[in-house]
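To begin, one chain is listed below as structure tokens, in the form predicted alone.
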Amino acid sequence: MNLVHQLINRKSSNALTQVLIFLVSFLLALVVGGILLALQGHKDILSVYYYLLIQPLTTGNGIAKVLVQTTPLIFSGLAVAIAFKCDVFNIGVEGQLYAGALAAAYLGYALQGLPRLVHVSICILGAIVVGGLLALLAGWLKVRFGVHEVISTIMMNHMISNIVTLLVVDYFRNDGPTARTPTVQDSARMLSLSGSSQLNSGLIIAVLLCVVLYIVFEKTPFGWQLNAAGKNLRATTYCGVDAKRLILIAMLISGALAGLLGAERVLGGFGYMQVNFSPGYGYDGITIAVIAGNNPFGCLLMSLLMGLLCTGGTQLNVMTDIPSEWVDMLSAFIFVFVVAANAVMLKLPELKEKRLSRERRLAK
């Protein structure tokens, strides 16, 4: 198994070690970010980090904005994590969430006269089915023809995005200058948790999913199969596990979560599906899953941090002359430091064994 697979499916039972690695990586990223700001002539570095990390949490409205940014990231991180757990790479979350969003938007405005619970459930189910089937297609191509899922899902991202744009612009477009669908019916809207923001019941669903997936991963035979497959998918077949079936199930669930992300943005956030509404949720999910070690609660915490950075970055851009791209760079530093630290941790036993072997040969 190569180093990339080991990093993605690294053992996460030592939670304390992973927390320490993350905290040190986070602090190092802040130090490096501060040095770069100082080199650019910024003197009050502490105020920069105040606007970025503290100020958004000082008001109820700020906390709501952080949670609004956090909600889709949780879905994205979980969608990527469950595929990574099975040693497959669903890079197509971005495309699948667009397809799910369009399905939810169409069902949301086309169906009328339904009770709210029924209407929302139908929209969510439609988004889940569409997203799941698209991911399942990539999984089927892998198990049937050996097409690597990275290649197929990346290609499908572009295909789905363009097809969804075509459908919205030419067939489902609302009257007006913006390329978007009509607004969904009131009966299709998720429950709002804050009247002044897009915070909605999707956050509750996302947190519950973290709990459910943690139990599935740690306490069920299916979770054991996923963990075993993540360590060595081929060897898992010798334990009586149908590896092909496992890949298909993992991809189906992963795509379903991506579709659910799209539904949350449409039914709970915007109220309609706009072309290119995602700032890259699907790709952010990769970062979240890798740093979290595919742990659902780790995905929750990482999503909260990235939601805070996103909200604080907007505030930082208003209060200072620091561009929002600097915040993206900070996130990249955290990712690099976490991955580098885990790579070293994975290599330490091997290096120790080589040193001991060399000492034994010299002792003879």
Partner chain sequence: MISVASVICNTFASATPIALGGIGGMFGERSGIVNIGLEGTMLFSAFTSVVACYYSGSAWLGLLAGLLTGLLISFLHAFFCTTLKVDHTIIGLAVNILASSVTVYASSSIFGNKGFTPSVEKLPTISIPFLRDLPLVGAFFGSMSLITLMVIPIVILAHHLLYKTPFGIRVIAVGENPQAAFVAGINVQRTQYIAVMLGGLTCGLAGSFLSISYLSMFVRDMVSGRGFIAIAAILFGRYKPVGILLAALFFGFADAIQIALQGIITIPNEIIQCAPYALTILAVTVNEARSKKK
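Positions refer to the first chain, counted from 1. Keep in mind it's a predicted model, so treat the numbers as computed, not measured. Under this definition, the rigid core comprises the largest set of C-alpha atoms superposing within 1.5 Å between the forms.
Missing here is the form predicted in complex with the partner chain; even so, the following discussion is about that form.
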Joint contact, 155, 317 and 340 to the partner chain in the predicted complex, by non-hydrogen atom at 4.5 Å: yes
Among the candidates 144, 234, 231, 245, the residue which, in the predicted complex, approaches the partner chain to within 4.5 Å (heavy atoms): 144
Partner-contacting position among 150, 179, 110, 211 - heavy atom within 4.5 Å of the partner chain in the predicted complex: 150
Which of 295-303, 47-55, 66-74, 34-42 sits within 4.5 Å of the partner chain in the predicted complex, heavy atom basis: 34-42
Interface membership of residue 347, the partner chain in the predicted complex, 4.5 Å heavy atom rule: yes
Residue 225: touches the partner chain in the predicted complex, heavy atom cutoff 4.5 angstroms: no
Non-hydrogen atom contact residue 286 with the partner chain in the predicted complex at 4.5 angstroms: yes
Non-hydrogen atom contact residue 103 with the partner chain in the predicted complex at 4.5 angstroms: no
Sequence-ordered list of residues in 317-334 near the partner chain in the predicted complex, where near means a heavy atom within 4.5 Å: 317, 323, 324, 325, 326, 328, 329, 332, 333
Post core alignment: residue 20 C-alpha displaced by 2 Å or more between this form and the one not shown: no
Core-superposed C-alpha of residue 344 shifting 2 Å or more between this form and the one not shown: no
